[in-house]
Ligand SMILES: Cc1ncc(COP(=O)(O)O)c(C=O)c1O
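Presented below, as structure tokens, is a lone chain in the form predicted on its own.
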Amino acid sequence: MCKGSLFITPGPLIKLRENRTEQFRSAKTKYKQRLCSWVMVTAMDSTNTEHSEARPQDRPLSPCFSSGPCKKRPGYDLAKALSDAPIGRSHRSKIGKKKLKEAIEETKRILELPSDYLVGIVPASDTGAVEMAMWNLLGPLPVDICHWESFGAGWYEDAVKHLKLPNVREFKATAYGELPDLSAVNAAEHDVVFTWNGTTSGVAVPDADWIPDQRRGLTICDATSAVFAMSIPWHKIDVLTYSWQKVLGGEAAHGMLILSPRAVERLEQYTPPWPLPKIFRLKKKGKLDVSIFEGNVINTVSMLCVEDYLDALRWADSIGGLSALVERSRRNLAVLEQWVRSRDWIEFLALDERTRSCTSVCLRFTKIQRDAVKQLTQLLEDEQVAYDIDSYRDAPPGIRIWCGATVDATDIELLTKWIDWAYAQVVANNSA
């Protein structure tokens, strides 16, 4: 070529074309990878065509879905709820006793208890109430202990290792999400200890038909995450315990003990061979200390917590009482049931609908492992959408959503959209 003209040899041209071809191939490969990730995420549920990675616009009004302590009632205002609390006054004062008695009487009324059942406020939350019943009442008969989650297993361990009862039979579920064979329980001749609703497994007894009306033994029921949200057949129950922090969204540390006439009879006719700590003592001079069930307490209570419980009871009464509370919990469960049905990557821990809890609803993921689940729950917490919904540490990897009466169904609906979004994010991040 002429001097001064641009001359490029064929070698660099070929090299340049090869580089461009390689860049195109690399970009095409990355595009395919992103496309595959997108397809995998959007097709995680082949039956749900609306599932997408779109970030939801609306958050639940309350992100509190913890299974204990649980969400406060709708419209709760701290200053207003506690404005009448007798702060600085003794629980033994006239006003203190009046508040405590009101809490007992309103509990009996709203729970629609038989007139001859007693209600007492006792120390140490539901745990203290269960232990108080076991230490006072167990011993004269063989005991059948039924459990299908962590806390119920603790009652069995206490009976065997601490009370050292000689005749204890264990009825336990073979896996989380199941019930043992309750028909094998000898509720006619033995004392029975059981949990109505397994807070850590999301499994509840469907009924009490396995407990005969005529029985020699006592039934001791831990119903802390069931009472006020599930129908309790009181004629089947001799002792029932719960705490304020569950279905009504009250505060922790105070327990409730409900006794039938048969339980009172056992208390007065039987004295256990072991010493009873002061906070477990229910008798005076061999008879039931009736004052505990009239507004006196064994140890000092928080009058702030008492006032908070009274506020929760007033709210329950204002919306229609027990039937309205039960309906709200069932409606919340129904929202989750409809959502789960249209997704193949999540399912109820309790596969049997009859045993499915309507309060502590436990779900497990079928296509991601525990680390990915932790990422999902952390993402929801970071977004201030849902707090404290990790499954219990002993349970399969999943989430536990509180659906008790203080939770609004609209918040559950909004939460499901965010779980869809968070699941898509986690799957995409872990497949990249």
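All values reported here derive from a predicted model rather than from experimental measurement. Position 1 is the first residue in the sequence shown; the rest follow in order.
The same protein also exists as the form predicted together with this ligand; that form is not shown, yet it is the one meant from here on.
Enquirer: Go through 207-215, 316-324, 241-249, 348-356 and give me the stretch that gets within 4.5 Å of this ligand in the predicted bound form, heavy atoms only.
Expert: Among the candidates, contact is made by 241-249.
Enquirer: Given that the partner is absent here, does Leu100 sit within 4.5 Å of this ligand in the predicted bound form, heavy atoms only?
Expert: Flag for Leu100 set to no.
Enquirer: Indicate whether Thr107 is a 4.5 Å heavy atom neighbour of this ligand in the predicted bound form.
Expert: The answer is no: Thr107 has no heavy atom within 4.5 Å of this ligand.
Enquirer: How about Asn197 - does it come within 4.5 Å of this ligand in the predicted bound form, if we only consider non-hydrogen atoms?
Expert: Taking the distances in the predicted bound form, the answer for Asn197 is yes, it comes within 4.5 Å of this ligand.
Enquirer: Taking this ligand as it sits in the predicted bound form, is Ser260 near enough to touch it, meaning that at least one heavy atom pair lies within 4.5 angstroms?
Expert: Output for Ser260 is no: heavy atoms all beyond 4.5 Å of this ligand.
Enquirer: Exactly one of Leu267, Leu111, Ala124, Leu118 has a non-hydrogen atom within 4.5 Å of this ligand in the predicted bound form; which residue is it?
Expert: Checked against the cut-off, the match is Ala124.
Enquirer: Answer with one of Phe293, Phe171, Phe151, Trp135: the residue that has a non-hydrogen atom within 4.5 Å of this ligand in the predicted bound form.
Expert: Of Phe293, Phe171, Phe151, Trp135, the residue with a heavy atom within 4.5 Å of this ligand in the predicted bound form is Phe151.
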